[in-house]
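One chain follows as structure tokens, the form predicted on its own.
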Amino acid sequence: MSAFPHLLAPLDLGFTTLKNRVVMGSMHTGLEDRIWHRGKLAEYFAERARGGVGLIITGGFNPNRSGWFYPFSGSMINLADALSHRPVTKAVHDAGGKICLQLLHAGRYSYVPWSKSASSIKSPINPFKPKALTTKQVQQTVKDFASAAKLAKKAGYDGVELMGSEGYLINQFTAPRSNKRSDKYGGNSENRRRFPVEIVEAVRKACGKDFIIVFRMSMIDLVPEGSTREEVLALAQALEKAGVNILNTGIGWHEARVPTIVTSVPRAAFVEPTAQVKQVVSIPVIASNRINMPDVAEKILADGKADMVSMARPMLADAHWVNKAAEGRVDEINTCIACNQACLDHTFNLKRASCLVNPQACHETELVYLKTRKPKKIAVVGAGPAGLAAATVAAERGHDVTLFDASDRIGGQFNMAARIPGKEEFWETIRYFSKRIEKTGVKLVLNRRIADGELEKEGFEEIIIATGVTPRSPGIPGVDHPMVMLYTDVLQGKRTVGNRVALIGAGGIGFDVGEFLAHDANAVQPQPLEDWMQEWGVSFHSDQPGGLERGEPHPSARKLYLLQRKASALGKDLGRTSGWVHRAVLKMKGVEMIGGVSYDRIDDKGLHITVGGESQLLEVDNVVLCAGQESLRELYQEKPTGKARYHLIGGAELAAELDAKRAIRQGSELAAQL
């Protein structure tokens, strides 16, 4: 009997049945936009269908050109568009899955100068100011959605999802924040929900009864002048009456200043707004956001909070998530750690998406792990992310692999990253690779420091150096003072840190150490949901528009200074979709951030600096060095004298800001070629 009976139960929609309650949520990958990528898109979805997903929802396709994300983004406008999708739907159906096309009009989020919205109000995250749709244009847009849905049906899709959340066009009509209209589509809440209701009615009329209509509605806007709780519930009831089969959950707008999907957001944080909607409708409702493991999903369904669960990024991380859950192999799931580095950061930078922990995602036709015909004896030195990926992929392909590390555990820098408050998910990646080592037959040798040349003597044919990095010490007078410590000493708990601390270096490591020291160092558990909501000012029962209240941040455990030499804004180079969260957290904690710093000296009085031509003394107990790394590559032989071939990957190859995305991809690609 399955440990997840609710999750794996079929869902009867009357005219069709979904084989389980798992939805692969919509996520734009970059494969949608070009017709020559249809084959790659087809295999990407088919692999998830083979992996057991009950219903797949594509990334967003625009119903007309005013709804483009950017020029020539993926659209469903004419018959040629529809026919180009036939390979996608056939691949999914042949794999035993069902798939819906998401229809999305970007509205004022569109990066084209002719963008349209409910009103002519510029978004704070877009340089273009939209023009307000006329009443006639609104009605034409309704027809465009219906036409696009009919084309999707011709393409072989089982249904469509109408994107009515995240601040896109439909959401722009439902919220007073962006709807200041005076016609029948603006003003009171009934008028503001007229647009989505008419779209649903038009789609149902165009496509008939035996066609799935999913509506992704904003359960909580998390922006000022957003919809109230009462308005959200009324919209849900109106959509059901209009002909929607399933209501999906959207949380927050892209311009919201509350994090919704980054790793620091507690798991299943936003289930309650979905549960409130479920209480007022009779159609299935889908829960979403930060649901990444089967036990979490099962509890949501067992508690009656939702009828299905949607996971987008977790299906990037592991295409066979559902099958592994069904077969009792949960410990083999490659868990999404919600880092956003290879998925959303890529998407918003107009790159093809992938996944930090699974570089095969969206590259299924290119990064293929074929069984080798000539097994080799391979040594991998270093059990950090790069070495773990290289060792396990090589072993999966049939090579005889031994993985060495001087430490007593695998994981490398991930063991420190996982100690940062809000990054506890990183432990899941270490757990996953630990199981992968066991399943693929990698021989793991810990507590062994390799000497130069000894692996060749042991007969290894391929030697992969993945020894990582060591912290760099900047040339500051007094840097050897007892108050100075490395970031590794802090995160590994090797030294006690005082109450006043200066952090030298404001890259990713500096921000991580800042968050670590600003919080209670003894707090090893993820932040409770109630505390997180209090800090960010989120309320699920508030009558306030958008579900926002005044945040009450917890004070920092220490007085902290975060410093950098560059005069630019601190944290400017952090990830596009998560960097603002890290900056906001340190700001909430009262961390003093100073750029354009010259480091003069460190002595018993503290850290002497010059900023803007003026000397300052920071009277601190400790100075923590977060000023970059240097590669550890002593074992690498560029021109080996023996028969063994040497390879250099990860931080040992390039000691930039710690980059697990590059490390895992490099290790996987190298192992796929050996």
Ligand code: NAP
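Residue indices: 1-based, along the sequence shown. These figures come from a predicted structure and were not determined experimentally.
Note that the form predicted together with the named molecule isn't included here; everything after this is about it.
> Which pick from Gly508, Gly398, Pro553, Pro266 sits with a heavy atom within 4.5 Å of the named molecule in the model of the complex?
Looking at the other structure, the residue within range turns out to be Gly508.
> Among Ala46, Ala627, Leu648, Val620, which has any heavy atom within 4.5 Å of the named molecule in the model of the complex?
Selected residue: Ala627.
> Check whether Gln102 has any heavy atom within 4.5 Å of a heavy atom of the named molecule in the model of the complex, and answer yes or no.
No, Gln102 is distant from the partner.
> Arg436 versus the named molecule, in the model of the complex: is there a non-hydrogen atom within 4.5 Å?
So Arg436 does not count as contacting the named molecule.
> Can any non-hydrogen atom of His582 be found within 4.5 angstroms of the named molecule in the model of the complex?
Yes.
> Though only this chain appears here, would Phe211 touch the named molecule in the model of the complex if you measure heavy atom gaps against 4.5 Å?
Close contact is absent here: in the model of the complex, Phe211 is far from the named molecule, nothing within 4.5 Å, heavy atoms only.
> Choose one stretch from 227-235, 471-479, 76-84, 156-164: the one whose residues place a heavy atom within 4.5 angstroms of the named molecule in the model of the complex.
One stretch meets the cut-off, namely 471-479.
> Along 591-620, which positions have a non-hydrogen atom within 4.5 Å of the named molecule in the model of the complex?
The one in contact is Tyr599.
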